[in-house]
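A single chain comes next, written as structure tokens; it is the form predicted on its own.
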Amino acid sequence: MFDKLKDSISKFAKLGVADKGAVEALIKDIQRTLIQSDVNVKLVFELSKNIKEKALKDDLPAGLTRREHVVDIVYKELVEFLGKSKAEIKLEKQKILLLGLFGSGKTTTTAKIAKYYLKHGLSVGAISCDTWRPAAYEQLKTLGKQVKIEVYGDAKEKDPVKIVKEGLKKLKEKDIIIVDSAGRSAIDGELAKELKDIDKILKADEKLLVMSGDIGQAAEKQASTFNDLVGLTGVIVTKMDSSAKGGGALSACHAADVNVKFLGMGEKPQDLEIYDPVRFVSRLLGMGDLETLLEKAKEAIDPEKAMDIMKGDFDLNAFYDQIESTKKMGSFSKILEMMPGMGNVKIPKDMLDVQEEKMVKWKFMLDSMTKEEKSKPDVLNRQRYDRISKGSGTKPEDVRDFIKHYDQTKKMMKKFKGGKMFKRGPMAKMFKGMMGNM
């Protein structure tokens, strides 16, 4: 869905004349894409009606062409359509109840939510009270070890309410307690009673429905039903990294008057983003999302080491650290998507995959080097290249290419030191945000 919308906007933006015919063609493209993506037809026609009326009847704002005006209207209407404003996430002591049907990703999301609050300095514990799904407790324990949180559960106990009661005692010192509840293939009377009983004991501050991004129009009914059941405080939409129909779930939640708070963007614990419709639509239309990129960079990159890289003053040890930091920020395609001006650049996936494969090989090469070689790459010779290639499972020419890339990077950073690259534009904003004041 998102690629098609981006392509439609890009095609319109390149037109010489943005007349009535061009605007109507754009609206039809948007309608077709949203309907194919399981967005409610009524909502689609309301959206397209608003865009058409404003695009063709409004006076042009000063300084904008008709084409720019139309793109701006589409942007604003999509923000309204997908949720209006960013949800409030409170960083304070609280209890969180996660709800959802089978396959929504509740247990994985428990670990992601835990990771999010841990990053903000809060202690976290989790309770597994899913007595229906085999090995649910074991799965959460495994994930808990990954993110370093305490997990309570009882594989022998079949009463989820008893598990929650005992879990609250065991984890009472934790700032955040997350309860991973059981799901079903559909909402039935038994599940409804179970969730109400848990909610009565837990007295949760946050009641978050976890649903898959590919659920489509069913999202509205599901959100409304769970909301009537326990009074939801928000929704977490998962599988947003691969789903072609995420817009259906987002728009349905908005229609059900339930805020989306987080997006699950992958399988790893760090693959969770606060849902901000403004940023989301900006990225969706290929306009970039520098703020999210900046947040990821702050989490992944050591500011002092980044300053050394910017000055061109670094050895292979620092280069290694930056490779690791880049990997933490996500795939190249995700990073490019968030960079202003790069959202509509069509870089072949094969090319991005090759670069990511190279980075994996570089890490193996660095692992095969001695401390001296990392700090003084000039000592490398033919014999050392042969030894490093054997140790890393690569070819000697691959190692030479890596060192060549390292040398070129140093020269480039020294060349740009003090230049325009770091004084203005997106790169300047990114680094200034990371460093505080340069």
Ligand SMILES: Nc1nc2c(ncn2[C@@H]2O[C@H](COP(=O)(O)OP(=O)(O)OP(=O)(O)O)[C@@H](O)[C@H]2O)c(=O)[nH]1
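Quick caveat: nothing in here was measured; it's all calculated off a predicted structure. Don't overthink the numbering: it's just position in the shown sequence, from 1.
In what follows, reference is made to the form predicted in complex with this ligand, a form of this protein that is not presented.
- Heavy atoms of no residue among T33, G247 and S282 are located within 4.5 Å of this ligand in the predicted complex.
- Contact annotation: this ligand lies within 4.5 Å of heavy atoms from the stretch 128 to 136 in the predicted complex, the single such stretch among 363 to 371, 223 to 231, 160 to 168, 128 to 136.
- This chain appears without its partner; in the predicted complex, the one residue of D188, D257, E92, E267 with a heavy atom within 4.5 Å of this ligand is E267.
- Proximity to this ligand in the predicted complex, taken as a non-hydrogen atom within 4.5 angstroms, holds for one residue of D154, E206, D241, D175, which is D241.
- In the predicted complex, this ligand stays beyond 4.5 Å of every heavy atom belonging to I198.
- Although the partner is absent here, G183 is a contact residue: one of its heavy atoms lies within 4.5 angstroms of this ligand in the predicted complex.
- In the predicted complex, this ligand stays beyond 4.5 Å of every heavy atom belonging to K115.
- Taking the partner from the other structure, this ligand in the predicted complex has no heavy atom within 4.5 Å of any heavy atom of L202.
- Taking a 4.5 Å heavy atom cutoff to this ligand in the predicted complex, the contacting residues in 98 to 115 are L101, F102, G103, S104, G105, K106, T107, T108, K112.
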